Structure formats: C-alpha cells, structure tokens
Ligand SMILES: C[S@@+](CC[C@H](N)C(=O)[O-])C[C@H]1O[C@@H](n2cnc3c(N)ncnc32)[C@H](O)[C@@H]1O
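Listed next as structure tokens is one chain, alone, in the form predicted on its own.
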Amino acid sequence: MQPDPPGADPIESVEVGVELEVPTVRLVAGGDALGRTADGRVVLVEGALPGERVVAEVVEVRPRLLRARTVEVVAGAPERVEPTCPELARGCGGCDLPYAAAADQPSLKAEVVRDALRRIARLDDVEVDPGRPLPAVGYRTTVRAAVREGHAGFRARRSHEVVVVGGCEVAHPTAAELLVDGVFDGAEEVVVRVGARTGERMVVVHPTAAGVSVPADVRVVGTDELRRGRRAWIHEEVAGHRFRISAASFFQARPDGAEALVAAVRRSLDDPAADAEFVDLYGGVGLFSVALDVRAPVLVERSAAAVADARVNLSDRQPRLLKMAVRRWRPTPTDVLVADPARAGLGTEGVAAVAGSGAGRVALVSCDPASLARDVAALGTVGYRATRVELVDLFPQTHHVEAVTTLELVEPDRRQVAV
C-alpha cells in the first residue's frame, strides 16, 4: 500500500464514525473491498464489491489505512444482489459475501488469488481457473456455533456478540434443525456435524454436554469426554467411498465440495496410477489417499483421531500411516505428492518436506490466498514452478475459497541444496 500523498492530512485525523464516499477497486483477502478516499488514502470497506461507489462509515483508524463498513451503495456493481437470508438483517455475521450473486462469486475470488500471487509471489503468469459454482444454500455439513443462554448462534461481524439464529441458509437442513431446535444449557460452543449422504448426526459441545437436548438420533459428546478418551464419529460418503469421521477429526464441510477437491487434485497430479509412489501430507482421515485409489499411500498426519479414522478408511489398501507433525517426517522419494495444510500454509518446514520428497508433481491445497502465494513463492526457491491454480468454492456466501495449485519440479539441483 502506498503512503499518504504529500499534503494530505495525517490519517489519524479521520475519526471513527465519519462517513466517506469511496470508489472501490478490488476485493482483498478477508472479503473487504479496497478503495481510496478522495485524497488517496487506502480504505478497506466491508460490504462492498469491486467497481462500486459507496458511502462507508469509518470503524477503525490505523496508521496506514482505514477500515469502514458500507452504509449506502451509490453505484452498485453488476454482481450485486439483495441478500436473501433474514438472519443477516438481525446481525448474524456468519456470511460476509451474500450481496454478490452466487454465480459470480468464484470469479471474484479468483481475482483475489491472482492479486495475492502478483503482490506476494511476484507471479502474474499463473493461470487461475475459478472453477464451477457449487450450490450456495443448504450445503454446509459442519457448523461451529457459539451458545447464548442455551441456544446456538453466530458472532456478529467483527464482534464477540452472539446473535441467536432462527435458521441458517447455508447449513445443511439436518444441521440447521439442530442449530435452531437444539438446547445446549451450560455450553459455550457447539459443533454440529452431519453426514449429508448417510443421515448421521453428531453434536460436539464445549465444555460439557450435560445440559444438551437434541433428537434421539443425534450422537452427543462433550469436549470434556473427548479429553478423557471417549470416541464418537459419524460417516459420510464421497466419490463412492464411505469415510469414518471422528468428533476431533477434520473433514471438508460438504461432500460435493470434497468430490470437487478430489477431482481438482486428480487433474493436478495427472491422474496418478494405482501403483504410483504417493505421499499425502496433512492427510487427515485419508480423503485423497482413498478417493484417488492409490494402492499404497504414505499418509502423514499429527492428529491421533484422524489417523485412527484413516486406518479404518484405508483398510482395503496397504497404507503407511505416520502419526506425526510434518516437520518430524523424514522425506522419502515419491512420484507425486498432495499437501493440504491448515490456513497458515506449509511454512518453512512444510516446504522442506515437499522438497525433500523429490516429487515431480505436487498438488497444494490451500484455504487462504495469502498463504497460497507465500507457499508458492517459497517452493519456487527449491525448484518448483506453479503452472495452474484451480479454485473450488466450498463456501459460497463467504470470502473463503479452496485452491488447488499444480507445481512441477523444474530445478532439482537447487532443491537438493535447499534441503
């Protein structure tokens, strides 16, 4: 971001509560629109889309930028629509992009990824495919909610205030029912997990499930019970495979999205053969190892619950399951590798693990554009070149997006030196 132009008043002179008319340029990571005030100051505007002119109220003043929220749209973008979920008007902050048409959201998010690649990785020649839209309502099978006075709700935007909801447009109907009708006395937080294709349901309640009232078909477990060693799980079906998913294990929040991710990874790895040497870093319950039909995958995962699930899910294969952090893994030579790290990305240790494997082709699954760009830049220093990014819009109505980046090993000598 550029500093204030000569002659401008110090940015601190703008106070919270002031309203400014702002033209917006592009979306940035986090879902806000970037614009500039009349005197050239950077402002990040909540509730705006690229190419709009809005009146925005300043909500935060920082040394180099302003944050503001839209109070009036003077000139709207073609993608703008009226949100349909009534909970938004009541203050729910669960969805932060409902004013953009669902069909246009993948292309808007693709621009965010391209911008991150240009600014952070200094790359402007990588193809970014926005992918195809997934259903934008009734999709989410894992929902984390706060609890207020025994009832589930979501935080207000940029606030700790809990808004108890009377419905949730993006939640799968069997999950939304539990959010609305469930009683969670004594709880601070609840995670609702459902199998969209199996009908199984579970609630994981923090700190205790002692005061929970839900239908009899729902598995109920408190985080205090999990700490004492209790096991609880549901099942989901993806790409013709049945997956066990424990209460403490991560899994994608919609089966059609998981299938789209598997398809993107398959394309990225050029459809690996069943006997390919295959490494699955941050492998979780084994989604990619199972769905890609690799006979003897090496799966590295630090979560004990996820590794236990992977053992069940891969019971018909000859996997090598390693319960450890990626930083502790001693890389073994491999043909192809998929890495699906947490939001922070690979980091130095993950990059070293990828490089040490010598994989000729890598599929990097990222859930944050900035960490994607940082990882791509770091992998470039150890001989990997990003050739393509394919987006999978797992979370319509929000700024979140998954991306599968294809990387090819083009400088093996530099890789060996770096490791």
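In case it trips you up, residue 1 is the first one in the sequence shown, and so on. This is a predicted model, so every value here is computed, not measured.
Omitted here: the form predicted together with the ligand. The next part is about that form.
Contact with the ligand in the predicted complex, judged as any non-hydrogen atom within 4.5 angstroms, is confined among 166-174, 312-320, 339-347, 141-149 to 339-347.
Interface residue remark: residue 326 is counted as part of the site for the ligand in the predicted complex, having a heavy atom within 4.5 Å.
With a 4.5 Å cutoff on heavy atoms, residue 246 does not count as touching the ligand in the predicted complex; it lies far away. Interface membership of residue 334, defined by any non-hydrogen atom within 4.5 Å of the ligand in the predicted complex, is ruled out. Mapping the unseen interface onto this chain, residue 287 counts among the residues with a heavy atom inside 4.5 Å of the ligand in the predicted complex. A single residue from the set 219, 302, 158, 235 has any heavy atom within 4.5 angstroms of the ligand in the predicted complex; that residue is 302.
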